[in-house]
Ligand SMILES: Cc1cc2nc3c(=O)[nH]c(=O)nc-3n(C[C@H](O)[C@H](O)[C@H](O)COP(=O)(O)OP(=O)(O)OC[C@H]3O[C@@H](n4cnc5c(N)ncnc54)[C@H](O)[C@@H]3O)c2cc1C
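Just one chain is shown here, as structure tokens, and it is the form predicted alone.
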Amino acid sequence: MAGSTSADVVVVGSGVAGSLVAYRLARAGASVILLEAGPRLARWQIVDNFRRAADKRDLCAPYPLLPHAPRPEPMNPGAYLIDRGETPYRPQYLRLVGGTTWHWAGAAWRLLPADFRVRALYGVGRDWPFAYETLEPWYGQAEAELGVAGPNLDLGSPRSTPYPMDALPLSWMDRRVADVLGAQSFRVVPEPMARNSRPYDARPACCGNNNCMPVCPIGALYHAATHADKAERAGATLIAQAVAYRIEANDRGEIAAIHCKDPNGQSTRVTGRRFVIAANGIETPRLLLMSTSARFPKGIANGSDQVGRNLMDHPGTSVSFLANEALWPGRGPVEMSSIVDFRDGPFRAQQAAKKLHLSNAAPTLAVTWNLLAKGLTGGELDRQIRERCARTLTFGSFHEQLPSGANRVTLSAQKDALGLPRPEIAYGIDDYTRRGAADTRAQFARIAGFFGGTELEYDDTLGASSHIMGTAIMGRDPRDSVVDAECRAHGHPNLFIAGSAVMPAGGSVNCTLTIAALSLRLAGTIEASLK
């Protein structure tokens, strides 16, 4: 990069939010520049990187770790994010064209209507500034854009359009678990998935590689580079390895430019009429906070001092055990079924909602590591690998987390390779979520009992699910929020924020489809304003 460039709309971040916005606006005839901090990789490169990885437990290993675009390292906590809170916060995300949707399970849930009104209904958390019905048409468009295969069932979120594709066929394990738990009054449903059950949008049908994380080798699983490519074909300019580090505003609060650096530190000023920050729930507040000036000493969009605050995730727990029958996990996608009994109800006045999900990831690697650690070799090692892999069941969970100003992203005095402040995280988990997790452990024990489970191993750490929400929170009142109901930054009429950072409540399901719906709605707002 060198010199200066300009467009009607400048978008920072090419994940699902930024790429959808860029595509929709370019298709509508706007000139668009899409900036991405990381590189552009072909699928074959990622697959080959995974094949060559020495330690395949690190599911981020296939994605290059570049000095100018650092990210969290699962096998090296603290190398980028700096923990300062009572609970370590260790999410995963990627910085490359297409973002973290290269590396996800594909679950594409809608929030429930009640998730938009938790304060009104249950007296906790924050309400969204609009109802579920406002976002419902955009959910339908998001499902069409991503290509969602879903069940013909009532999942609690009213629909005006059917899923674009029928649900994928369930594995033997998923069918058997649904039968056993269904007989005990659990509601086990197929998850809606952004994964093809038939050829769709020039992508093939899923063939069950069971390698969705770290990468789908054939492209049946949606990834946002799809829409980055579509944006380019519609006329957008995509600039990779362009690290945004400052948002420039005039004295009236209007954004004039984004300043970004290439891997060598050379700076470019990119001007425009409208600006969209879509850099995930940590990198977005980081950029806003770095953009200080005499007029905006606390950073851009931070008149309320809420930028970086209200960090939420879906803290997770899990259980693994040996069932009394062979169920053979590992055939099909890594996740296909969920238990949805606990997503909503009056209990939410006292404890967190949650979704429980059945893992279909092949347990071979973990089982083998454990057996080798016990000293097994030869034929006995082979026999136990086969037996334990066939009988291992693993259930995980996502728990609702309420927004708290104390949970926040700030800037560290420690710098990265470009001399930019590293993100510093203060994070804790309150009793509301912990009470929900305690009930989850009891439900896990019940479930294991129905399968004659032995050798139960619980993980109660309430670790990050990498659903990074709330750090540029949406609200009606500029005094306690960062953006309004249109995702426009308070005090900056031509600045918009896209992605999960704006979500004031996240329910208990994956947030990717909600990100996509909000982004399409935001694109519609910008398109209308340009006209």
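A residue's number is simply how far along the shown sequence it sits, counting from 1. For clarity, every value in this text was computed on a predicted model and none was experimentally measured.
The next section is about a form of this same protein that is not shown, the form predicted together with the named molecule.
- With the named molecule omitted here, the record of contacts in the model of the complex names 241 to 249 of 81 to 89, 241 to 249, 174 to 182, 380 to 388, defined by a heavy atom within 4.5 Å.
- Taken together, V16, S466 and T512 are fully in contact with the named molecule in the model of the complex: each brings a heavy atom within 4.5 Å.
- Interface membership of V9, defined by any non-hydrogen atom within 4.5 Å of the named molecule in the model of the complex, is ruled out.
- Although the partner is absent here, L59 is a contact residue: one of its heavy atoms lies within 4.5 angstroms of the named molecule in the model of the complex.
- Proximity of H227 to the named molecule in the model of the complex falls outside the 4.5 Å heavy atom cutoff.
- Contact check for H223: every heavy atom lies farther than 4.5 Å from the named molecule in the model of the complex.
- Exactly one listed residue, out of H103, R348, R309, H357, brings a non-hydrogen atom to within 4.5 Å of the named molecule in the model of the complex: H103.
- Exactly one listed residue, out of M165, I429, L96, L327, brings a non-hydrogen atom to within 4.5 Å of the named molecule in the model of the complex: L96.
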